[in-house]
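Just one chain is shown here, as structure tokens, and it is the form predicted on its own.
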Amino acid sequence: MALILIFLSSGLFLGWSLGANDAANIFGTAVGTKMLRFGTAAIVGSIFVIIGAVVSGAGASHTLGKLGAVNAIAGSFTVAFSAAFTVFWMTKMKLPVSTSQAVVGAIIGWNLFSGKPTDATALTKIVTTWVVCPVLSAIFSFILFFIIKKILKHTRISIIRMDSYTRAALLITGAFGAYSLGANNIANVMGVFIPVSPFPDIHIAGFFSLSSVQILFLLGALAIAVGIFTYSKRVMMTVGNSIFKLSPIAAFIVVLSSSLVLFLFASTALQTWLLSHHLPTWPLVPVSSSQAVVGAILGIGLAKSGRNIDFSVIGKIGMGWVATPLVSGALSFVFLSIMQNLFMQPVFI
């Protein structure tokens, strides 16, 4: 068991890295505009990330599992460590990169090393969301900007009351965003460990139970919470201030837009409802909160004619998005070779 816990440490490191980079973006605009204190954002974000991961985390993990089922605990450790190291490195560079891309790159690195085929259908679904996620978030924020602008134009609210309403709205939407993030992105943190989960199901007093997968997700969510508290402020300030200077109302729109996108790609209940009414659905896959937030900020910028968008920052972030899966995949291949040939641990069966 001790060896298994050591192997799980890379998943916890990845959770910490996600908290430091991706999870922070849910409250990045609110903190960047000084509408919420960092401490308040960290506490609320941590609580709702954990709830979302444990209650609704299973949906997005299925598609990720189809991409490549890592079938040895040492392989799972190495894949998670490669993704975590990539995200940590990008975080040191103050880039809001995609943990989803890092995990996908690392899994493909394992597929190449082990000689396993990569599911082209699952890969296409996931890569498509890398484009759809920021675009959809930008569309949401663009539309919401004009809706809220029209509402405010016909509503007479004092400045003090408006400030109070905005702070409350940022807190509520941030909680919703953190829940959606936990539900969507916990698959990135612990998804590679699901086939080799060492934990038994827990049943308490006949009315409360946690499955083996939920226990994994709980541990990963706690690691995300630690990442939020210890290292997320750096990326919050990059997202909240560098791309486009946001007003408090615009910050609320960004949080709401990005949260809706994360929720759409994580909710099994919504997908079931759409299917029951013969409506089109979309894949349940882990998407990047960073991409959703950046897309939403761009949507706001375009709604304001795009005059103040810092495209140099956008270009830098875009380069990070392109580099992330490539770097993670290469590191995964190298680290797997070291794990198997130097440490004599089987990384695939």
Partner chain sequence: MGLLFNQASQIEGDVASLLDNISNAIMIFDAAIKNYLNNENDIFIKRMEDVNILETAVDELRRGIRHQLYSKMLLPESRGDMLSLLETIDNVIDTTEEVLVQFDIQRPKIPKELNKDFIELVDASCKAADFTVLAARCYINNSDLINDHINKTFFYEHEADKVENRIKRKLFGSDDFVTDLAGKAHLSKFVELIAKLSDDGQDVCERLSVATIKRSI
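Residue numbers count along the first chain shown, from 1. Nothing here was measured: the structure is a model prediction, and the numbers come from that model.
We do not show the form predicted in complex with the partner chain, though everything after this point is about it.
Residues of just one listed stretch (194-202, 209-217, 140-148, 258-266) have heavy atoms within 4.5 Å of the partner chain in the model of the complex: 140-148. The candidate site formed by 152, 158 and 161 is fully in contact with the partner chain in the model of the complex, as each residue has a non-hydrogen atom within 4.5 angstroms of it. The partner chain in the model of the complex is not approached by residue 62, whose heavy atoms all lie more than 4.5 angstroms from it. Proximity of residue 123 to the partner chain in the model of the complex falls outside the 4.5 Å heavy atom cutoff. Within this chain, residue 167 lines the site of the partner chain in the model of the complex, having a heavy atom no more than 4.5 Å away.
Under a 4.5 angstroms non-hydrogen atom cutoff, the partner chain in the model of the complex has residue 249 among its neighbouring residues. Just one of 112, 127, 270, 171 comes within 4.5 Å of the partner chain in the model of the complex, counting any heavy atom, and that one is 171.
Taking 298, 284, 35, 54 one by one, only a single residue has any non-hydrogen atom within 4.5 Å of the partner chain in the model of the complex, and it is 35. Of the residues in 263-292, none comes within 4.5 Å of the partner chain in the model of the complex through any heavy atom.
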